[in-house]
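The form predicted on its own is given below as one chain in structure tokens.
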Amino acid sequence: MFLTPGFAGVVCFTLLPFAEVVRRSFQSAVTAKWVGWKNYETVFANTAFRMAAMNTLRFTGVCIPILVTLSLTLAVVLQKLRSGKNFLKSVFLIPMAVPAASVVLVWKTLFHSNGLLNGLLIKLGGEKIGWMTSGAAFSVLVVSYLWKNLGYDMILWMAGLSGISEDIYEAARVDGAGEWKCFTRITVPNLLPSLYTITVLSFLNSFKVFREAWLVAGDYPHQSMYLLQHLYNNWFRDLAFDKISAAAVVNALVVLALILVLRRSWERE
């Protein structure tokens, strides 16, 4: 009974709309004529889709391991601090409170062709770098994602660390275990449930980086940072609902498969 209102909302605003997307993926955009697998064939043959999909996979493949590892390292360090812990936690959480428009303004100030970074490079005797018009755009996108989500993941790790009894560490140290042994044999095994949750949330949050990328570089950024979200946005503007629906179904199936694989791997551990 208590779950019914929430489940009804999920059905109305998530499951039913997605079922409609699945139906549209087998129909033409204008006449709603049944076309079978033609939309999927068109999507997979589309060069822009393949490039956006590869960039998205590359982005998540690079960002998530770095984010998970770096946030865990910071969480372990902060957990051991005696003073200043709350202040540092607040500092790392500030990026989450910064509006996207403000982040974009900082991006433009730093990475413009006449921005602060290029000005610094010229003073040091270097040359200008086209941060947003070259392959460096991908690195800028990665840094933005890490900066935005590092504090959030760190807090989640610290919540998991706080659930590990200090008595276990003291018993291990009495038996001669060092800090590295305590980390690998006590901390990591006890954090596996948190690792699954944090990895999935980090993966889902990686799709939100589109806001800053679109506001900075527009509909067609440098090809190294052209993600699936850009492609969906451009197809939606062209009212290509058939291609959007097919690509969305493929994307959803891939995301679901990745989450299930992650879950199975944690369960085996």
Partner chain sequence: MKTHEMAKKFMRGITYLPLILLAGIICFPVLFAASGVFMQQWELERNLAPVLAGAEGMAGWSVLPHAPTLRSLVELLLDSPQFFVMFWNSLKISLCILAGQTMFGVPSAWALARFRFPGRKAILLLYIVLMLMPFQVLMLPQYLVLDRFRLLDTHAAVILPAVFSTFPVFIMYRFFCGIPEAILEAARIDGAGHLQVFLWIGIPLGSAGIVSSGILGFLESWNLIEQPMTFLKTKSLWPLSLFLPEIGLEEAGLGFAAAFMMLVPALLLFLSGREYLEQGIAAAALKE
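Superpose the two forms; the largest set of C-alphas matching within 1.5 Å is the rigid core. Positions refer to the first chain, counted from 1. On a predicted model such as this, the values are computed, not experimentally measured, just so you know.
Keep in mind that the form predicted in complex with the partner chain is not shown, yet the notes after this line are about it.
Proximity to the partner chain in the predicted complex holds for all of Leu88, Trp107 and Asn233, with the criterion being a heavy atom within 4.5 Å. Contact annotation: the partner chain lies within 4.5 Å of heavy atoms from the stretch 118 to 126 in the predicted complex, the single such stretch among 165 to 173, 134 to 142, 178 to 186, 118 to 126. This chain is displayed alone, yet in the predicted complex one of Val68, Val62, Met51, Leu215 has a heavy atom within 4.5 Å of the partner chain; that residue is Leu215. Mapping the unseen interface onto this chain, Val261 falls outside it, with no heavy atom inside 4.5 Å of the partner chain in the predicted complex. Mapping the unseen interface onto this chain, Tyr40 falls outside it, with no heavy atom inside 4.5 Å of the partner chain in the predicted complex. Taking the partner from the other structure, the partner chain in the predicted complex has no heavy atom within 4.5 Å of any heavy atom of Val35. Residue contact check for His222: none of its heavy atoms lie within 4.5 Å of the partner chain in the predicted complex.
Residues of 196 to 224 that come within 4.5 Å of the partner chain in the predicted complex, judged by any heavy atom, are Thr197, Val200, Leu201, Leu204, Phe207, Lys208, Phe210, Arg211, Trp214, Leu215 in sequence order. Val10 is among the residues whose C-alpha shifts by 2 Å or more between the shown form and the other one once the rigid core is aligned.
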